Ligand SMILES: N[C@@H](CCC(=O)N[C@@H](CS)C(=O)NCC(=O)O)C(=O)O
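Before any questions on binding or motion, here is one chain by itself as structure tokens, the form predicted on its own.
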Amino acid sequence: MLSTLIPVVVALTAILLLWYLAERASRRTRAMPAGLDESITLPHEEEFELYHNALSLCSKKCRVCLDELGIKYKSHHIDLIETGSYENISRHFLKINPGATVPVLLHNGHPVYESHEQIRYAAVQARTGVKLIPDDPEKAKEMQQWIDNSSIVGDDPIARMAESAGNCIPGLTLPLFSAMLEEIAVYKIVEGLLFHRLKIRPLLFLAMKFRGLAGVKSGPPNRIIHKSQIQLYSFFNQLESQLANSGGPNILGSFFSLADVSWMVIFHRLREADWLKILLTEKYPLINKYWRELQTRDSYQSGILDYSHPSVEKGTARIQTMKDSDPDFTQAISAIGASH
């Protein structure tokens, strides 16, 4: 019996290995330089097209920017593992972005990579009469500093939290990731181990899948969450001072800029992960007012709320249920909140 099974096992192993090698060859990934790449022309139907994801922080930023500018675009939603599957490492999408990240903005078929470059490019190219970049060079420089202060930088943002408030957000999103991954099959996450260029991400997702939402109460996830809170408070302190100095209602005063686009999505992510009651304390009256004003803009509805995803909504609800049913959970993840 065993002698007849061995050839079958060997044959199946060989078939699987050949499949994997063929798939890997057709799904090669590499980091792409930020900005416009005019050497690449991709199939397109409209002047502007956006490959994006409902959960992705950077995708939200691009949608809000395009909507503020009044730029019409064709939408291509690309799933990430958190919203159902690793579509971002599919053969189809890797032709759009070999870096396997969203968003990707196409202008006449030419891709623009990285959201901080995409929003600036769109603001420069817009012919709608709307301005999101001030004419004053000093103000424009100030705006860029606040964009940099809110952008996600590097392949491992958690290791670079001190550089940007945006880099604090992945750590604070861990509870939401854990809650969302409850509905994702393990084999779908394993696909990332096989083909994603950054293996640490699917490994992290597997760990969160097995630990569950309650797993963020302790160990490395909890330490990351606390560190993210501490670092984010330093950026909140800077933002509160900036709003006081500018006179509001925006970062540059009366002028709504790309800096405000960038910070709008940060506050919405904190809302999705149910952090606002913990983090936006009475210590920050101007930030609270600023956030209320941001939510009144049409682009907040059209660029963010209109793209709400059932998986995200369920994840947020799970976090809220966990907090209601387990007081220790709330205390564990927000232990530094009262003493910052």
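Keep in mind the model is a prediction, meaning the values are calculated, not measured. So that there is no doubt, residue numbering starts at 1 and follows the sequence shown.
Quick note: we don't show the form predicted in complex with the named molecule, though the next part is all about it.
For the three marked residues, Leu176, Ile224 and Gln229, no heavy atom of any sits within 4.5 Å of the named molecule in the predicted bound form.
Proximity of Arg201 to the named molecule in the predicted bound form: non-hydrogen atoms within 4.5 Å are present. Looking at Thr83, you'd find every heavy atom of it more than 4.5 angstroms from the named molecule in the predicted bound form. In the predicted bound form, the named molecule lies farther than 4.5 Å from every heavy atom of Pro111. In the predicted bound form, the named molecule lies farther than 4.5 Å from every heavy atom of Lys217. Shown alone, this chain has one stretch from 68 to 76, 132 to 140, 97 to 105, 242 to 250 that lies within 4.5 Å of the named molecule in the predicted bound form by heavy atoms: 97 to 105. Note on contacts: among His268, Lys209, His196, Arg120, the single residue with a heavy atom within 4.5 Å of the named molecule in the predicted bound form is His196.
The partner is absent here, but in the predicted bound form a heavy atom of Leu57, alone among Leu57, Ala273, Leu50, Leu294, sits within 4.5 Å of the named molecule. Taking the named molecule as it sits in the predicted bound form, the stretch 115 to 133 comes within 4.5 angstroms of it through a non-hydrogen atom at Ser115, His116.
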